[in-house]
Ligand code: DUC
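Okay, here we've got a single chain as structure tokens, the form predicted alone, with questions on binding and movement later.
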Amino acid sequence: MTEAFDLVVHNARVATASDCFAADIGISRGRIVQIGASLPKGVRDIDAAGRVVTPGGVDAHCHLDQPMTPPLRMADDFDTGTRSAACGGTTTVIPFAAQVKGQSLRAAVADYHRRAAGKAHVDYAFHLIVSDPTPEVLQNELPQLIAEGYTSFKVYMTYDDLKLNDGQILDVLAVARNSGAMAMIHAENSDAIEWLTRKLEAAGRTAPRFHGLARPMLIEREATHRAMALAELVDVPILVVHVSGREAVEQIRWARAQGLKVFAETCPQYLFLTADDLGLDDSYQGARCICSPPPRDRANQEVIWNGLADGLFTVFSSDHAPFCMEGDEGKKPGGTEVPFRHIPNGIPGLETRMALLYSEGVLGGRITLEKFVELTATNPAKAYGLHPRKGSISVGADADLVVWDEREFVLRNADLHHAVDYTPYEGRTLRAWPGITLVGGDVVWDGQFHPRAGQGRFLHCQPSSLLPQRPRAQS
């Protein structure tokens, strides 16, 4: 007699990156083992009742419990951050193990494992952040960590404590080429930002709204072009993160027309926020929406929507950076209102990423359901070496699934599950939210959160399936 499935999701409208179809999904030992019509009942059963079922989201760009200079502290650790992820339909997160200048990269990874241990409710992997590419890092630590399953890293062209100069970027891109890693680049011109910031400060223009004036689109345009030129010199693909508007988009389209392998990511803030959200006066409330690059205008929102629909963007991530507005550890360092230069960058969005795009993208008729799955789950899993285990509804994949409820409601921070005291999307009417989230066949959200702290597994990543497969250099 055939052994019963541990769980069967019946009457699903299954959505993948390639098609949609009606089916039942049979799950055993945390994995999908059969997809078909009229599967027998399992030990447990869920009736999807014709609702859309997608792969669990893969948020491939989020920040959790990242080391900060006191008094700053991120509000979300691996407990609260992965709790909010699960409640929002995200079942895999990839935050950053950030190297501090003077610290070994391996020590940063060890510290991040300590921060995650015993806390995660969903599965997770780590990107690396390389801020101090010493000979030891370049020749030993980074290649070794890539071989051990940390197959992606991020470099910054801005922020004094993180930025690399062009020569250093070339050095780390060369490691990416030789070791088969995915290189992510934060593209903004640091010197130009500093020059504009000093000019604004000299004129007394220090309110949050001036953050946007210190980072006009040409700042991102120049750095995007330069990043792609450096990658062309090394002959290695790159992924440009959090692209905000038309000028950077035009650079990426130009580079692709030249045959360059450039991937791009964008985020909800560039679809749903504008420069006006930084403030129309000198109110400090605009600090809630400070992020880099900053939100642009409505015309640029349309450019980003078009890029999502036509394939310019490979990945849609939250760039979740959880700082509270009140208290002394977040947007008011030391409990005081400070000039925009000193306001920590970033906004919360891990829990709301999927529902925002489903509501306005799919139900708003801007993107197909298949494109939604591609952007939020399948492509992130492919980009960072987790596919087909993640981002896929297929036999053998992890049973990470979202059953969607399509209903109108008003988004309130009080209903979210992160540890941040606000959401920049407060009061927005959404048209969908996960009704059920499964992680490895376990229900973690069904209108109530079901904790599984410590059951989230660390994932060793394979080389990106989006990159050309080159023979690795011999050590």
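Keep in mind it's a predicted model, so treat the numbers as computed, not measured. One rule holds for the numbers: they count along the sequence shown, beginning at 1.
This protein has a second form, the form predicted together with the ligand, left out of what is shown; the following refers to that one.
Residue heavy atoms within 4.5 Å of the ligand in the predicted bound form occur in exactly one stretch of 80 to 88, 222 to 230, 202 to 210, 318 to 326, and that stretch is 318 to 326. Judged against the ligand in the predicted bound form with a 4.5 angstroms heavy atom cut-off, the residues G180, K382 and S465 are out of contact without exception. Note on contacts: among S190, T274, T134, N345, the single residue with a heavy atom within 4.5 Å of the ligand in the predicted bound form is N345. A heavy atom within 4.5 Å of the ligand in the predicted bound form is found for one listed residue only; from A264, C291, I146, I94, this is C291. Using a 4.5 Å cutoff between non-hydrogen atoms, H417 does not count as a contact of the ligand in the predicted bound form. Looking at W254, you'd find every heavy atom of it more than 4.5 angstroms from the ligand in the predicted bound form.
Of the heavy atoms in W195, none are within 4.5 Å of the ligand in the predicted bound form. In the predicted bound form, the ligand sits within 4.5 Å of a heavy atom belonging to Y156. Using a 4.5 Å cut-off on any heavy atom, the one residue of 57 to 72 that reaches the ligand in the predicted bound form is H63.
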